[in-house]
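Just the one chain here, the form predicted alone, laid out as structure tokens.
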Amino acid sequence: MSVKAATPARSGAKSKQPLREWKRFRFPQSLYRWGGVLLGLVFLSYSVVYLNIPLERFFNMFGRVGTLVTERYYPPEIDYITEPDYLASVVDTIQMSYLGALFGMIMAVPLGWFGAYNMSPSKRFVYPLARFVAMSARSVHETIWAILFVTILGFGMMAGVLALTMFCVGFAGKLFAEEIEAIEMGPVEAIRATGANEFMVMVYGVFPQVRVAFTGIGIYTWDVAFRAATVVGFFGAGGMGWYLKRNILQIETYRVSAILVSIVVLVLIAEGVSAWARARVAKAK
């Protein structure tokens, strides 16, 4: 038996205290819950032992990281990231993320429509196919997509744009489908009763309900694509990542730290811009 906090209220008291409420532990729900917690702890302990993870080294890691940074990566060579060539690569990274997010969301809108169970034209064939495409695009990491397209198309921004496009298709397609599945079907059925086609149903019945959500998802997709764009260049897709890879291979540690600082600053700026845009979109509700 468990007791919820409570003391009977005294007469004349300004604020009444909640009365005592008795709650019985229900069987077997309580057994399932605590059994699941126990199994999780057992599995965690087994994984640590089986993988031979030396936990004691974790507490010594911070001192070693601090020593490594101060001896090899400090101070960062700020003059390097202010050179025109590197600044041009920053612009290339921004453009690559913008195009990848734009093309990905254009493809994700019909994919989300087909992958929404309540709006899919065929729940038996089109729905599982659309879900499979979104899942496949999302399950492959953007760096793997970059390696694949670089192998096919060669080094350059085109491979990066296509890698980010595939990443955004899976990312935004799933979110779009879930938003469409959560709409109210009353307006949709009313518009269908007038004899409207599927395009008119989408424009007048679905889009007004998901307009704000789609805008927020689009902003968040670009935010994630920008972070990924700083990495795919490391695998030959161009942009800031190419400079990062070159200086790592040349063991130019001071330049590497400067590039990492620039990436962190740009990600923080992108996070601020996307947060401001999402706040403005939220007010539109």
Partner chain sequence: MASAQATAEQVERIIAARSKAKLVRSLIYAVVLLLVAWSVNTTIIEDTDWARMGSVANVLESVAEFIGIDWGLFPHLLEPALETIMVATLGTLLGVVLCVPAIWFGALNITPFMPITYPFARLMMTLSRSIHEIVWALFFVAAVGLGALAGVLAIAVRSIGFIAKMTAEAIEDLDPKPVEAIRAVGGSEFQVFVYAILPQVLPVMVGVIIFEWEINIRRSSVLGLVGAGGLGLVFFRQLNTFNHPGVTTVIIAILILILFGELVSYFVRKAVI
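Positions refer to the first chain, counted from 1. For the two forms, the rigid core is made up of the largest set of C-alpha atoms that agree within 1.5 Å on superposition. Predicted, not measured: the structure shown is a model, and the values here were computed from it.
Heads up, the form predicted in complex with the partner chain isn't pictured, but that's what we're talking about next.
The putative spot formed by M119, I219 and R280 is not touched by the partner chain in the predicted complex; no residue has a non-hydrogen atom within 4.5 angstroms of it. At the 4.5 Å threshold, heavy atoms of V161 reach the partner chain in the predicted complex. Proximity of M61 to the partner chain in the predicted complex: non-hydrogen atoms within 4.5 Å are present. At least one heavy atom of A228 is located within 4.5 Å of the partner chain in the predicted complex. Taking non-hydrogen atoms only, Y243 never approaches the partner chain to within 4.5 angstroms in the predicted complex. Heavy atoms within 4.5 Å of the partner chain in the predicted complex map, among the stretches 142 to 150, 120 to 128, 78 to 86, 107 to 115, onto 142 to 150 alone. Of all the residues from 62 to 76, those having a non-hydrogen atom no more than 4.5 Å from the partner chain in the predicted complex are R64, V65, L68, V69, Y73. Comparing the forms between the shown form and the other one on their rigid core, the Cα displacement of Q250 stays under 2 Å. Comparing the forms between the shown form and the other one, the C-alpha position of V48 differs by 2 angstroms or more, with the core used for superposition.
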